[in-house]
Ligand SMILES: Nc1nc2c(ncn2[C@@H]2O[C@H](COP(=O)(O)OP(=O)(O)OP(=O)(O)O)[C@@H](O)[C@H]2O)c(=O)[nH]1
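In the block that follows, a single chain appears as C-alpha cells, in the form predicted alone.
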C-alpha cells in the first residue's frame, strides 16, 4: 500500500504531465487527510505558484502532514512505582483485542512482564479471543463471567498485577459506539476504579483507530477523548485499504498523536510510529 497518493497521481497524470486543480482536490479529499489539511495543501501550492506536477503535490502534502505528526511515536517504558496501566478503547471492529495482544507481545519481546485484562465482558467471543492470544504468547489473561462489571474487573486485574509485580497491565475494553453516552460514561467508571489502586492509572489511554473508516474516525477520536482522555492512537489495517490520512486529521483537530501502527494479523505486526516511513506508505 506504499505511496497511495503517489500511485493515484501516477495514474492521473503520468510522471511529468501537469494535472488540473479539480483532479488534485478530489484526490486529496479521498486520502482521508480531512478538509482543513487538503485545503492547506492546495493553498500552499497556489501561494508558491507551483505547477501541479505529481512531485510538487507530494512534497506539499508531506510538508503539511509533517506539521502535525511526531517524528517518532513516544515509546512505552515500565514505571518504577508499579504496573504501567494501558487502557485500550475504540468502536467495534477496529482491532482492539488483536492490538492488545500485539502490544503485549512487543513488550514481552523486550523482556518485560505483562498481564492482560479481558474487560470486554459483553462479548464472550472477545474474551475467548484474548485468552487464545494469551495462551499463544504465554501471557496471563484476567477475565470474569459474561456480563461482569468491567470497572470491577479492571480493578481486580490491577490488584493482581501489583501482587505479581507485573511491568504492564493492558485492559482490553469493549467496543462501543461513540454516540452512546451511557457506554462512554462506563469508560470514566473504569478509569475511576483503576485510580482507587493507583492515582496515576491508567497511564495511557489508546484509541485503536481503523484507518479504513475515513473521516468518521475523527469524530470517534473527539468523543473518546472527551470521555476517557486519550493519550495516543494505535492505527490499524494499514495493510488493507486504509490510507492513513485520518491520522493527520485526528492529530490536527484533537492533538492526539499516533503511537503505534498495525499492519497485519500476526503478533509481530506492530511497530512504533515513524513519520518518514508512514508518510512514504501513506503518500
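Predicted model only: the values in this text are computed from it and were never measured. Residue numbers count along the first chain shown, from 1.
Heads up, the form predicted in complex with this ligand isn't pictured, but that's what we're talking about next.
- Out of the listed residues 92, 79, 144, 188, 92 is the one that sits within 4.5 Å of this ligand in the predicted bound form by at least one heavy atom.
- Segments offered: 65-73, 248-256, 230-238, 213-221. Contacting this ligand in the predicted bound form at heavy atom distances within 4.5 Å is 230-238.
- Heavy atoms of residue 263 reach within 4.5 Å of this ligand in the predicted bound form, making it an interface residue.
- The shortest heavy atom separation between residue 193 and this ligand in the predicted bound form exceeds 4.5 Å.
- Within this chain, residue 166 is remote from the site of this ligand in the predicted bound form, having no heavy atom within 4.5 Å.
- For the chain shown alone, residue 123 is a contact residue for this ligand in the predicted bound form, at least one non-hydrogen atom being within 4.5 angstroms.
- Although this ligand is not shown here, in the predicted bound form the stretch 144-163 places no heavy atom of any residue within 4.5 Å of it.
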